[in-house]
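Below you'll find only one chain, the form predicted on its own, shown as structure tokens.
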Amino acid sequence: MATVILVTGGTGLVGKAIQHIIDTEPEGSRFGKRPNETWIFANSREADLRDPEETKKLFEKYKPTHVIHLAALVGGLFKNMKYKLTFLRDNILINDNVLHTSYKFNTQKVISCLSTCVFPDKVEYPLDENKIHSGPPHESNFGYAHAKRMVDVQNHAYQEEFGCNFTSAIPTNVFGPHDNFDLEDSHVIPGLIHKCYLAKKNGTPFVVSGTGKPLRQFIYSHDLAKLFIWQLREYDDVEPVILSVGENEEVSIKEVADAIVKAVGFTGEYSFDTTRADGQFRKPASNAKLLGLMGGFTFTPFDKALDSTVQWFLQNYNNARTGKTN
């Protein structure tokens, strides 16, 4: 029986990483491509998933047996705060169309990608899979967060009413090749890599916003890709799984900046602008459920993963998503 896996948002950071793993892992291995498997990496040019008709045509074209649903309207803090309704509405439409079309086409399994921002703003740490709905999300991105939360609600409803095998994954902060390095609208690692690159190129100081003290769990996109492939093949429960390094793998923003300076080969002036806000100090998430189910997993060491991301950026600067540069 042929298996067709449709990856929505297939040309983004995580989609590209899944494609890389499928292309490079030994065929038939735990994370490698299997015989009779076809992988389709679709992007927004192929179908506007906010539109039910375009979503239907995409499914008619590929007839997927499985879906990894990564497509979303995403943005940095500023965009999330400014366009709350757009983030809420567009993501609700995308998710509803993908899930309902999957149900109509008798898709065997769907994994949707959530985000740790679905968790309540005021919550006891570490975060775990049982705390998603135990309070409102942070005010700054409540539109996006509620839309992503609703996927978990829909997964349960589709399972209870129709017996669908729909589940979700909750990654922590992802980074790697093919990330969005736009200075205005990127996450912390790609933003700092781009900033440091420009400081080296222009002979200007490298200034990092904040004190550098906050802690985050970062997962390398190639590791996350393997975990998605594992979840697709080996996990059949509606309850979400946090895909993350362990709580003991938290890295400070200063450690991130130090590693970037080293990887870029920056030797100029380097400082922290402590007048800028730090954001949450830490928001650790537990990966105990994941490791209990998988029986262990070897994560790429942070420095090695960061170095390979920087090298990719330097080699692909002209084609990378960089936005405007000075």
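The term rigid core refers to the most C-alpha atoms you can superpose between the two forms while keeping them within 1.5 Å. Here the structure is a predicted model, which is why all the values come from computation and not from measurement. Heads up: residue numbers just count along the shown sequence, starting at 1.
Note that the form predicted together with a small molecule isn't included here; everything after this is about it.
Contact with the small molecule in the predicted complex, judged as any non-hydrogen atom within 4.5 angstroms, is confined among 99-107, 196-204, 154-162, 213-221 to 213-221. Of the residues given (245, 229, 192, 242), 192 alone sits with a heavy atom within 4.5 Å of the small molecule in the predicted complex. Of the residues given (111, 253, 147, 127), 253 alone sits with a heavy atom within 4.5 Å of the small molecule in the predicted complex. Under a 4.5 angstroms non-hydrogen atom cutoff, the small molecule in the predicted complex has residue 278 among its neighbouring residues. A residue is said to contact a partner when one of its heavy atoms sits within 4.5 Å of a partner heavy atom; residue 186 meets this definition for the small molecule in the predicted complex. Among heavy atoms of residue 66, none comes within 4.5 Å of the small molecule in the predicted complex. Using a 4.5 angstroms threshold between heavy atoms, residue 141 counts as touching the small molecule in the predicted complex. Core-superposed comparison between the shown form and the other one: CA of residue 30 displaced by less than 2 Å.
Core-aligned CA deviation for residue 212 between the shown form and the other one: 2 Å or greater. After superposition on the rigid core, displacement of the C-alpha of residue 60 between the shown form and the other one stays below 2 Å.
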